[in-house]
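For reference, the chain that follows is the form predicted alone, supplied as structure tokens.
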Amino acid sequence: MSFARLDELGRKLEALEHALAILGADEATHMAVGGGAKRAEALSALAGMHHRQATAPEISDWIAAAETEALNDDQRLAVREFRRQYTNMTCLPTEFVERQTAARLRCEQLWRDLRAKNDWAGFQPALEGIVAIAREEAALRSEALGLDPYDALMEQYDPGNRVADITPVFTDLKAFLRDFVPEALAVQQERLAKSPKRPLSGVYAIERQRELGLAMMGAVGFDLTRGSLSVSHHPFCGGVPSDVRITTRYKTSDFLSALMGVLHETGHALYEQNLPEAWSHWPLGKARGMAVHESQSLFVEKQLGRNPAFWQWALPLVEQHLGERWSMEEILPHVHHVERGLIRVDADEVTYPLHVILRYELEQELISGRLAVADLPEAWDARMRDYLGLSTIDNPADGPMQDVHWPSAAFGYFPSYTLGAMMAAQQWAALSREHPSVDDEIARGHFETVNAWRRDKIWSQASRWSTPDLLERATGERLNAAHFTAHLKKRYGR
């Protein structure tokens, strides 16, 4: 039975994916600096092994035969998704995957060192190598899938995303934000003129911040028996559903920075921990795509973590772990603070989409060859000046070196962040319509209704549906950016 063969293969591939994920998470958190070269060799070899097994020629015959077998609905969906993954993987030769993995890891390791030194000249050659590999990947995927090169890269992160659909949405959003960012800043200034912001004390011990983060993770649903919290240069969620590794980075002067990072990554982790375990070794049982994944992280960070109702519950926890008592009137100006800044991961939800749109535009030019890596600092600076009125020309560490995505060859990923923010706002609107008293529950620290809705509508569905279909089934409509702009106006406008 060919379905049984695919099932057996899926278990073998899952084992390799498990090893790759855990070794990758360890490399970013606990590996000694001197272990980098050998770790890159090990991960490259495992990635090649996985790719060879996942792209074996006979799999095509197994899929075709399985499609003719008497299968139930879930099994048919599983075979369909297996075919989609097989098509995406067979367009990349094993030699390329091994070469890409080794280059990516070495560039990431170099990035961690050179970003801290603000050394663009030292980093540029490594990034040029990665961009060359990304262009090669785009060409391979484009030929196999019949898509434009950048669309072909996005397809691996979010099936169905196309520049032709995304660019008009981002263009409209950019136009809205050009007017709304000044409005939000003016509203904030008026409020602060009436009631000045209480400063943060600036003495938040890292271990106390960590305990606060763990307490909030557990409260919102993170299973601490199947996951952990560590420190890394760049916050991320990795590992596997049975052992999710999330990270943050701490500032002793600001507990909200790390806490919001923890809440964001917890959103990713909740999705992973609640995927259907019975299908974990099939593509059907994986997360649908990165826009959906980002919608889950941004749901926790923005729709929950910056909701005033959340802080009615959270303030006693802050006092318990950090020894500071805050009122709602004192904390919300920090939680809802709007500021034009250089760093994407520290940006507020009003200015954040502009950071994403900047990267979305620049990486299209990098992949097409219209922009050379050597010219990236100037191109970045020009858009930062245009969109946010800030300059990074003498500060590449906080410009084109600030994210791990490009060193790790993750081109086509950035749009998922803002698409995810829009989807999160739409999911919150639908949840609130179905459960009008949800804010009262959150204020009491009860997240069961929120998580039950998300488990039913999003998590348990895994990859059964395309991203647009999944969102429509969950909320009753296709992606509607009006929910996001309405959310921003309500929270930050006049």
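Every value quoted in this text rests on a predicted model; they were computed, and no experiment measured them. Counting begins at 1, following the sequence as shown.
In what follows, reference is made to the form predicted together with another copy of the chain, a form of this protein that is not presented.
Only one listed stretch (338-346, 388-396, 202-210, 235-243) carries heavy atoms within 4.5 Å of another copy of the chain in the predicted complex, and that stretch is 235-243. In the predicted complex, another copy of the chain sits within 4.5 Å of a heavy atom of G227. Remark: R433 does not count among the residues lining another copy of the chain in the predicted complex, judged by a heavy atom distance of 4.5 Å or less. Within this chain, A443 is remote from the site of another copy of the chain in the predicted complex, having no heavy atom within 4.5 Å. In the predicted complex, no heavy atom of A70 sits within 4.5 Å of another copy of the chain. Contact with another copy of the chain in the predicted complex holds for none of G160, R162 and R178, as no heavy atom of theirs lies within 4.5 Å.
Contacts of stretch 23-38 with another copy of the chain in the predicted complex, defined by any heavy atom lying within 4.5 Å, are made by L23, D26, H30, M31, A32, V33, G34, G35, K38, listed in sequence order.
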